[in-house]
Each structure stands twice: as C-alpha cells, then as structure tokens.
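Just one chain is shown here, as structure tokens, and it is the form predicted on its own.
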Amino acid sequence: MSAPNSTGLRALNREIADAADPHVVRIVATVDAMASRGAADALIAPLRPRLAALRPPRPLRFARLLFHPLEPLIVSAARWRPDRNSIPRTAIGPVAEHVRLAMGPDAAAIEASIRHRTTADTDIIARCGALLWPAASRILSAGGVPEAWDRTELGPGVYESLAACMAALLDQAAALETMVVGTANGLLPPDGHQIAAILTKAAACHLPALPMMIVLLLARVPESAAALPQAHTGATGVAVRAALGQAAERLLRQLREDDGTEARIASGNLANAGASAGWIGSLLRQLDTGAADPRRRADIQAIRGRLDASCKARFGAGLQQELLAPLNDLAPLAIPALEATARNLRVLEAEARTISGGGGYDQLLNKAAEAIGIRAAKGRMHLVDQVRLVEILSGPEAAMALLD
C-alpha cells in the first residue's frame, strides 16, 4: 500500500480528529501497541487535547515514565519556542534514550518493573519514578548531547538549555509527587513549607527552570498559587513572583490555544468534564488576583466565559443523551448507570456554578425530575428508584415531596 499524499493525510487527520471518544481510545491503543510507531505519531497529534481530557490508560514505557512529571510542559514542535517555558515533544525520544543508555542495568530493572503496566498504575509510577527521576537529573546535568538529538533539528545549544531545565525539574519530581499525595490530589490545602523547599531547590539547581516548576505545581494543585508569594522573601521572592507571572501566561496560553477549554470539557465522560471544569475554574480563581495586570485579568475573563459556555453545552448534552434518552427508551432501565449519570451531572453543575453563578441549571434539573416522574407514573420505575434519582438531581426536599 502506498503512503497517503499530503492531501490524503490532511483528510485522514481531520477524520481522526472528528472521531467519537471510543474510537479515539481505540486508535490511540492501536498506535501504542505498535513496535515502531514512526509516522503514526503524526496521526494522533490532533487528538492530544482530547487525550488530556479522556485520560485513557496508556502503556507505561521508559520514556513515558521519565516524562510523566513533565507532561504539562510538553508541546508540539510547531508550538515550541525558547521563551515559552515548555518542552518540545520531539525531545522525548532522544532524551529518554540518552538517559536509558547512561543508566545501563538500572534502566533495565526499571523497564522490567513497568512491563505490562499502564499510566493508571500510580503506585508503580511513584515507586519507579523515585528511582528514575533523580538519576535522570544527574545524567542530564552531567553534559553530553544525545546521539539522536539531530532528529529534533533544534541544535546542541537548545539541548543544553532544555537539559538544565529538565534536570532541575526532575530533581524535584518525587518531592512534587509527595506534596500532591499530601493534598489528597487537591482536596486539602498544600503545605507551604513543601512548596518553598521545592522552589528553593529548583532555583538553586537552575534558576531559569523556576517558571516551569511553578507550571507543574499549578497544573497538579492550583491552590499552590496562594502560597507562592509568601514562600520566599527578598531577592528569591522577587524571582518567584516573576516566575509566577510567566507560569500564569504559559497556562493561560494553553487554555486559549486549540480550543483547550472546550476540548477538556467536551471530551470524555461527565466525570472527566466535572473534574476538568473544577481544575480550570480553580486555576482561574487563583490567578485572578488584585496583583494581576489588566491584560491577564481580561484574558482570564474571556477564558471563564468560554468555560461557562462549555459547561452548559456538556451538561445539556449529558442530560439529554445519558439521562433523558434512556428514561424515554422502552428498554429496561439501568438504574445504577442512571444514578452515576445524575451524580456526575450534579458535580458538573456545582463546578459550573462557581464559575458563573449557574443560571439555567435549575430549570434543566427540574425537567429531568419531571421526566423521572412521568416514567414512574407509567409503572416503569419503582418508587424507591424514583425517589433516589430525584434526590440526587434536585435534593432531599424534592425527594420527600414524592413520598408525601
């Protein structure tokens, strides 16, 4: 079979980009299973914003484990710029191979430990990462350009700059994981002392890496932003505040480009949409402070408006397709699935209300409760199931009214 020409490749990319979520997951799984991916990587490039929302488990290979803590910084080669506080995706392969060869038997032991594991195995990532990331930091700090670096077409000077930044970040990757675990993945306030220690060590290792380190902090725990200005005083404090400004610009740019906000909410299931809305909303609140300049505040306001519209669209689609449509179907009801959908709708609604006040959601929820009542009135739903669903959607008072 001959390779597709450029026109055919663009058409194929568009077709893949418009694929339904289950098809996207299958396409990526097929590419991940290839022994040599080659040009197939270019086919899934348009899917990366959606993959950030879908978060399907992917094979845990050496390169993926090495760059796992740096994932929020990775961008396509076309979008990479030296001043953008990011890492070009084309650097992953050469850097990973360089580290693997330098580690020798230790790398082989790590590869054996992660064989047949996926990115869903967080315990394995933490345990093997604690061995890999500090070792990689030392190797990248030692100098020497990877043999395959020419494939990136970036030049040895770019490698030296990137390697110094990656070394500083990987040196603190395990500490960042520990801090995130301590917050129960963002449910508890972050430890200001841990944040200060991470920033101090990263700055001491390579000061230009500080904005990238703050991006990683905010990407994992947006509430870290409140502790950053108080983390240091004097000259270090000035550097941290300057780095925070650069990190904020990096994160806001990411939400602006390629419909980043819309893709995170529209892709994936309702649970992922609620989680994404919560993260973006929290990040915007943390960055929208009195100290923010007018341009940044206007940027935040524009993104907040897009986020509000995305949440309303996803809520309406989920309500119609995943709750009302099954209720109106003549097939037997899957009550556990309906309850899960109702809970996820309420989570998305709660996050959306913190963004815009939540206008219109009550009307939609009441519509759903009425549909449940109609279904029950026709004898197709038990009273206990009706009460439970209405309680999830509209609260205990509405559920008690059914019993009265």
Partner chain sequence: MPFTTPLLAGARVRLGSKNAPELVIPNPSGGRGVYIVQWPGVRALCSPTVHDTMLFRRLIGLTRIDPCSIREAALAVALQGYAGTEATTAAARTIEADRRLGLRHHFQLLTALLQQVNPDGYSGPVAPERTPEFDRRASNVLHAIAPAFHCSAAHLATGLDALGEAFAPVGMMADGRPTRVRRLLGKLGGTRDSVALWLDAAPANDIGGLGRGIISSMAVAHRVGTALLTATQAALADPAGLLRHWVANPTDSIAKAARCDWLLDGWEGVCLLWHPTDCDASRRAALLEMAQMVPVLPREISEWTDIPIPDPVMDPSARVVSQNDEWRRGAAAFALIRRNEALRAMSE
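Note that the structure is predicted; figures quoted are calculated from it, not measured. Numbering follows the first chain given and starts at 1.
Unshown form predicted together with the partner chain; subsequent notes refer to it.
Although the partner is absent here, Thr122 is a contact residue: one of its heavy atoms lies within 4.5 angstroms of the partner chain in the predicted complex. Taking the partner from the other structure, the partner chain in the predicted complex has a heavy atom within 4.5 Å of a heavy atom of Arg346. Contact check for Gly245: no non-hydrogen atom falls within 4.5 Å of the partner chain in the predicted complex.
Among heavy atoms of Pro326, none comes within 4.5 Å of the partner chain in the predicted complex. Of the candidate stretches 175-183, 197-205, 141-149, 298-306, only 175-183 has residues whose heavy atoms lie within 4.5 Å of the partner chain in the predicted complex.
Judged against the partner chain in the predicted complex with a 4.5 angstroms heavy atom cut-off, the residues Ala29, Asp32 and Leu51 are out of contact without exception.
The partner is absent here; in the predicted complex, the one residue of Pro134, Gly316, Gly237, Pro189 having a heavy atom within 4.5 Å of the partner chain is Pro189. Annotation for 378-397: interface residues with the partner chain in the predicted complex are Val384, Val387, Arg388, Glu391, Ile392, Pro396, Glu397 [heavy atom within 4.5 Å].
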